[in-house]
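There is one chain below, alone, in structure tokens, taken in the form predicted alone.
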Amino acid sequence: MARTAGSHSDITGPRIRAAALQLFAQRGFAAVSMRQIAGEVGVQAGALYNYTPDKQSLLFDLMQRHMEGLLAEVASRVMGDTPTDRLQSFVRFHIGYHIDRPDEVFIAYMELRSLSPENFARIETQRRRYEDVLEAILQDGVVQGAFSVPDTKIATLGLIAMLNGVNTWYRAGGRLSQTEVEGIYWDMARQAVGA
């Protein structure tokens, strides 16, 4: 599809994604129109279709970019010699990565219901890959006797839900630093798995 003369895809495309991200997080996917997104960017509504086929594709693109970034980072940042070391690394990574991306996290969880079945399945596959990183750590810990959890899948989902909660209340410059919050959550995660 041809772009509008004088437009810059390397500038306008990211601006469209940023505006959509903000509006979807503030108002919800269903309440946001393509016209509103265009208004935020300062282009005509029709110009958006030079960058995305439709609103559903835009939502999927935002979620997929978030998950791709998350999976790339977790693969390179979660490490350690023991399951306990890797669990601590995962907890600190998860909080640090997500605390800087509250809108992405909100959309990734709250707008799953807005995806088409095909797009939902693709995002769900990526989410499972991320959950598998944590579950593998927990399974190793159980095998080595470092952790005591009756069901590693349930423990995985419970820990991720707990860690995601930080985004609902944490504010930079608040009573606790990010490092202190990570330490407290690491202690709670450690206790939750019986380490």
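In case it trips you up, residue 1 is the first one in the sequence shown, and so on. This structure is a prediction, so every number in the text was calculated from the model and none was measured.
One more form of this protein, predicted together with another copy of the chain, exists but is not displayed; see below.
Novice: Just give me the single entry in V133, V142, A38, M162 that has a non-hydrogen atom within 4.5 angstroms of another copy of the chain in the model of the complex.
Specialist: The residue in contact is M162.
Novice: Using a 4.5 Å cut on heavy atoms, which of S148, S33, Q44, S57 is close to another copy of the chain in the model of the complex?
Specialist: Contact residue from the list: S148.
Novice: Counting only non-hydrogen atoms and a 4.5 Å threshold, tell me whether A19, A75 and D100 all contact another copy of the chain in the model of the complex.
Specialist: Negative, none of the three is within 4.5 Å.
Novice: In the model of the complex, does E111 have a heavy atom within 4.5 Å of another copy of the chain?
Specialist: Answer yes; at least one heavy atom of E111 falls within 4.5 Å of another copy of the chain in the model of the complex.
Novice: Report whether the minimum heavy atom distance between R128 and another copy of the chain in the model of the complex is within 4.5 Å.
Specialist: R128: no, not in contact with another copy of the chain in the model of the complex.
Novice: Examine I184 and determine whether its closest non-hydrogen atom to another copy of the chain in the model of the complex is within 4.5 angstroms.
Specialist: Answer yes; at least one heavy atom of I184 falls within 4.5 Å of another copy of the chain in the model of the complex.
Novice: Does A155 reach another copy of the chain in the model of the complex, with heavy atoms at most 4.5 Å apart?
Specialist: Yes, A155 is a contact residue.
Novice: Given a 4.5 Å distance limit between heavy atoms, list every residue of 18-32 close to another copy of the chain in the model of the complex, or none if there are none.
Specialist: Contacts from 18-32: F24, A25, Q26, R27, G28, A30, A31.
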